[in-house]
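Form predicted alone, single chain, as structure tokens, below.
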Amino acid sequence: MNSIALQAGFKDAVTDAQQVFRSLLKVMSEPGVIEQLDQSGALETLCPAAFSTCLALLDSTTRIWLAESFNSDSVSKNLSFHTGCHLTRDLSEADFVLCRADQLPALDQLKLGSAEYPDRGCTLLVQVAQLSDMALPGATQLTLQGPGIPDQRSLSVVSLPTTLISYLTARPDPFPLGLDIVLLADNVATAIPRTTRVEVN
């Protein structure tokens, strides 16, 4: 029986987790701001920002659904070992969904929270090709408005799936229900929470 190699997570578990968590709070409270997350290396096909995010957010109380490209023994064992999280194949019970941009699950199957507890909705972690606040060749150019954004903020995303673009621009879920979305690329992250209005330029 082949053993699964465990990979190092944070070099300094407490300090690095706090740094990543602060960065994630910043991008959630200031949508479209891009923060660097390089406190860990990559884990197989997970970019450093995605692995760092998982290490900081997941714990023994959370359930995560992994898309096909991330649903390997190595990724699942490492996430379970480092965070104590529970893996699920039921989208409707996942607290977090981790996917690549081209493997987005059916968004209407994800939990949206409730009027009393909107924070219990799913957080969608999407690994994309590139992120920038400057225009990128071949990228989708987004304009963000809403809480945490003075006037408006521009965001350029390479490989943003059309299904997610449609969701962000239509916002079909009645507020305060909805999905919070974290975009990850290489060693950077940004967020588009449910309170953000999105237009495609």
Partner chain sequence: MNPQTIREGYNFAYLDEQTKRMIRRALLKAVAIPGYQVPFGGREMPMPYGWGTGGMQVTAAVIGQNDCLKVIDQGADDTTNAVSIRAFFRDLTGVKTTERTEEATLIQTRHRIPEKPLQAGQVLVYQVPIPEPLRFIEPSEVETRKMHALEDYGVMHIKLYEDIAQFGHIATAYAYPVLVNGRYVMDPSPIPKFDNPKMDNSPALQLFGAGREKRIYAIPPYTDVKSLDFEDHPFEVQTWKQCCAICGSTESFLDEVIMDDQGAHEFICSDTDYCRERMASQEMPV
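Numbering follows the first chain given and starts at 1. Owing to the predicted nature of the structure, the values given are computational and were not obtained by experimental measurement.
Form predicted in complex with the partner chain: not shown, discussed below.
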Exercise. Consider the chain as shown here, without its partner, and state which of Val75, Cys99, Cys122, Leu131 has a heavy atom within 4.5 Å of the partner chain in the predicted complex.
Key: Cys122
Quiz item: For the chain seen here without its partner, which of 66-74, 38-46, 159-167, 140-148 has a heavy atom within 4.5 Å of the partner chain in the predicted complex?
Solution: 140-148
Exercise. Spell out, yes or no, whether the shortest heavy atom distance between Ser29 and the partner chain in the predicted complex is within 4.5 Å.
Key: yes
Self-check item: Contact flag, Arg22 vs the partner chain in the predicted complex, heavy atom cut 4.5 Å
Solution: yes
Quiz item: For Thr61, is any heavy atom within 4.5 Å of the partner chain in the predicted complex, or not?
Solution: yes
Quiz item: Hey, in the predicted complex, does Leu57 get a heavy atom within 4.5 angstroms of the partner chain?
Solution: yes
Exercise. Flag this candidate site as yes only if Ala5, Pro105 and Leu107 all have a heavy atom within 4.5 Å of the partner chain in the predicted complex; otherwise mark no.
Key: no
Quiz item: Which of the residues spanning 153-173 lie within 4.5 Å of the partner chain in the predicted complex, based on heavy atoms?
Solution: none
